[in-house]
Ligand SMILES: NC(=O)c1ccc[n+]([C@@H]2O[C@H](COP(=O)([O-])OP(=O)(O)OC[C@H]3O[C@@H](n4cnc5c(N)ncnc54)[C@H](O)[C@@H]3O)[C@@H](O)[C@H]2O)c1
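Shown next as structure tokens: one chain only, the form predicted alone.
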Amino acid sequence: MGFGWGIVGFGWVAQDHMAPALAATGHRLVAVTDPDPGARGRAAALGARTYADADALAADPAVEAIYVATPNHLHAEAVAAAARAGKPVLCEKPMAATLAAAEEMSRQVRRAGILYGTAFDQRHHPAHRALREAVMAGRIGRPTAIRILYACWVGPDWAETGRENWRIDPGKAGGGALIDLAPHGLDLVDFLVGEPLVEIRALLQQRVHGYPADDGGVLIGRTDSGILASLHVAYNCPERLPRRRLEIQGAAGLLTAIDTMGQDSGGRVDLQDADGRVASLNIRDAEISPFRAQAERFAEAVRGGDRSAFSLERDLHTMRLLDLAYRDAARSPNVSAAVAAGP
């Protein structure tokens, strides 16, 4: 029988991406908890049992792992329920709405001795795995810089049917565009070049939308060996404009990925050498979604396989970078105190 999952928070990410991914892997959606009756009804239609809360779900013996997809400020509560039940947990990014909550989550995970992973699905994207392999094989020489554009449009009226737009509420999200979109880029730097950022600076904006969260931000950072990174994230970019681009510059070439950042498979990766010649990279398993690949690898890790894709310490480091970024942005006189408060 397939691997059994419980889901805490059955919103659009869980319904549109995680549930189909589990079905594609042959895994089973065993149980769901969500305060919305409509969401519970949709889960039941998929054959899942529905529970009143995360503790009841975690107690179900058929649940082998728990996926948390609640609003950010509720992550800690759901992870704590998994820890109490001794169940492995894959939690959506960011770890939590605040660094303090993430640190408390880590203490509970360590005490319980369970496998924990933040759902950085982008490190499982087939195109990004091809990028990493090319970097590690030396195809662009010594890496010098990473540039990421990851943007979308999240207006004040955007919301899932019947749900509030919590992503623009700093108290529930922990911030705005930066805390939502930048974690993927920060994690990808580590994944693509094999070392995390150790320094970070940030500027935020409230440029287009009138809500109290940041609707755009730019981060710059440096790894310990000196690789530079720049990330532009935004909630104020129209969907039809080019808005998803990733570049890795090296001393002997440039890797460019177009339309790979996101929940779906696809996109294109090109390699340009120092003489200007351009060739497209072959992407193995290009049709597999990052959500499917992530679910497969987490189940393998739970069952004793390779755990290198999941690291509590690495995820905590990413949360600390986010905290540093918001604190750095708070020094700017052009950003409101509410926006700059961050995690």
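Remember, predicted model here, so these are calculated numbers, not experimental data. Numbers for residues come from their place in the sequence shown, where the first is 1.
Quick note: we don't show the form predicted in complex with the ligand, though the next part is all about it.
Only one of Glu64, Asp36, Glu300, Asp55 comes within 4.5 Å of the ligand in the predicted complex through a heavy atom, and that residue is Asp36.
Figure note: of the listed segments 87 to 95, 242 to 250, 216 to 224, 129 to 137, the one touching the ligand in the predicted complex, with heavy atoms no more than 4.5 Å away, is 87 to 95.
At a distance threshold of 4.5 angstroms between non-hydrogen atoms, Pro20 is out of contact with the ligand in the predicted complex. The ligand is not drawn, but in the predicted complex it has no heavy atom within 4.5 Å of Ile200. Interface membership of Ala69, defined by any non-hydrogen atom within 4.5 Å of the ligand in the predicted complex, is confirmed. In the predicted complex, the ligand sits within 4.5 Å of a heavy atom of Arg167. If you take 253 to 289 and check each residue for a heavy atom within 4.5 Å of the ligand in the predicted complex, you get just Gln263.
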